[in-house]
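Before any questions on binding or motion, here is one chain by itself as structure tokens, the form predicted alone.
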Amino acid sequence: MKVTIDGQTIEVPEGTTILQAARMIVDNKEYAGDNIAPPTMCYYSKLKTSGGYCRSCLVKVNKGSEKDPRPMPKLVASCRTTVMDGMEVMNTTSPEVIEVRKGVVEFLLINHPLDCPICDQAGECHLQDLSYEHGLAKTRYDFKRRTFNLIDIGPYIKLHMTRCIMCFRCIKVADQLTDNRHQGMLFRGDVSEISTYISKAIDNDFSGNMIDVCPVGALTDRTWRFKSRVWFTKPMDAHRNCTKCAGKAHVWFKGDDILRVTGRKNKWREVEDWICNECRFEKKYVTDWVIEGPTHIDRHSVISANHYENLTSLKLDIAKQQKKLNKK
């Protein structure tokens, strides 16, 4: 099936969603840029039934298909809408989509506190990026924001419910990746909250992956909390022989110390291989890991500051520039 998104045409298999097609275009080496892919806050390709909650990925379909060229009357969630042959979609090229996306950001920030200076997720927060690109300078919301007490979910995870945007990702992880789910959504409407059933903590080998999938700072690693800002650390690719998981991870250094361990993520900030709690929380010594080299960081990220993936080529480039300056 052929689908055109912001003027870029691609052939995709039947059943592909608009969001997946947009990401395929970005992954195409001939295409430069990533704005064509709609932002996501709840969709996660490895979690079944995810998506459709946050409305961040709304797009405009101005041509339904070759057989039925009529435009769709309303904006649609690209993560849940499958493409039709001949479909034409507008994302960043539609002023209507940009305006609606601003409204979605404003809605997400109604109860989310702007405590980025003290939040461990600052610097790698999806909501931070989305609000920077589409948010307003001030809020029109005059009512009191809802607040919750901090909750410890087991010995390693801290739940800061006040920051939660109800993306349901952590619930999907608890449902699909762990043996027994004691955590989920309670109540309805504006009083909904992520909580633990009957005050039970999650006790299984893969519960820590809830931290990796959380797009904001609602779920944080208690072994990492307040130890450093993320842009002061150096992420490195590393692996170890583990009997429970693939053992492939990012280890985050500050000096010679490993402050935290996370799953390896792709360019869409989705974990490639789930890691167990032993690798994540208990292996914090350099001798526990085989260090492969610097992690590839998108240059727009604040984490990329002073983060050099190939120091040798960098030195050669600097030397060449210096020679040019000397000749002048």
Partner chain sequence: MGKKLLLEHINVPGIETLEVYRQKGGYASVEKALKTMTPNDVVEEVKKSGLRGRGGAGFPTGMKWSFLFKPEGVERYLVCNADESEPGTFKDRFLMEHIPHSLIEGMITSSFALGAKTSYIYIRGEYFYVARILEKAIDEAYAAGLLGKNILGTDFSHDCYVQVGGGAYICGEETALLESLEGKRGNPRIKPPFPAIAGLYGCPTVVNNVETIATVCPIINMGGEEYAKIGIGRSTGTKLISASGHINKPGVYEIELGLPVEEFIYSEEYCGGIINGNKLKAVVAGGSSVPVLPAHLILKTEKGEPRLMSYESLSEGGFVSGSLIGSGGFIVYDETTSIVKNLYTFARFYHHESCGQCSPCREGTGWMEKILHRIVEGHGKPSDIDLLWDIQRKIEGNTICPLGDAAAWPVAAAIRHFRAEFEEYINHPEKIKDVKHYYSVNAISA
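Numbering follows the first chain given and starts at 1. Nothing here was measured: the structure is a model prediction, and the numbers come from that model.
Keep in mind that the form predicted in complex with its partner chain is missing from the display, and what follows is about it.
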Q | Residue contact check: Y132 to its partner chain in the predicted complex, 4.5 Å heavy atom | A | no
Q) Is R264 a contact residue for its partner chain in the predicted complex, using a 4.5 Å heavy atom cut-off? A) no
**Q.** 4.5 Å heavy atom contact, W274 and its partner chain in the predicted complex
**A.** no
(Q) If we define contact as a non-hydrogen atom of the residue within 4.5 angstroms of the partner, is D85 a contact of its partner chain in the predicted complex? (A) no
Q. Okay, which stretch from 120-128, 220-228, 152-160, 106-114 lines its partner chain in the predicted complex, with non-hydrogen atoms inside 4.5 Å?
A. 106-114
Q | Within 4.5 Å of its partner chain in the predicted complex, all of G51, V100 and D142 (non-hydrogen atom) | A | yes
Q: Find the only residue in V216, M236, M166, L177 having a heavy atom within 4.5 Å of its partner chain in the predicted complex.
A: M166
Q | One residue of C245, I258, L75, M90 in contact with its partner chain, assessed in the predicted complex (non-hydrogen atom, 4.5 angstroms) | A | L75
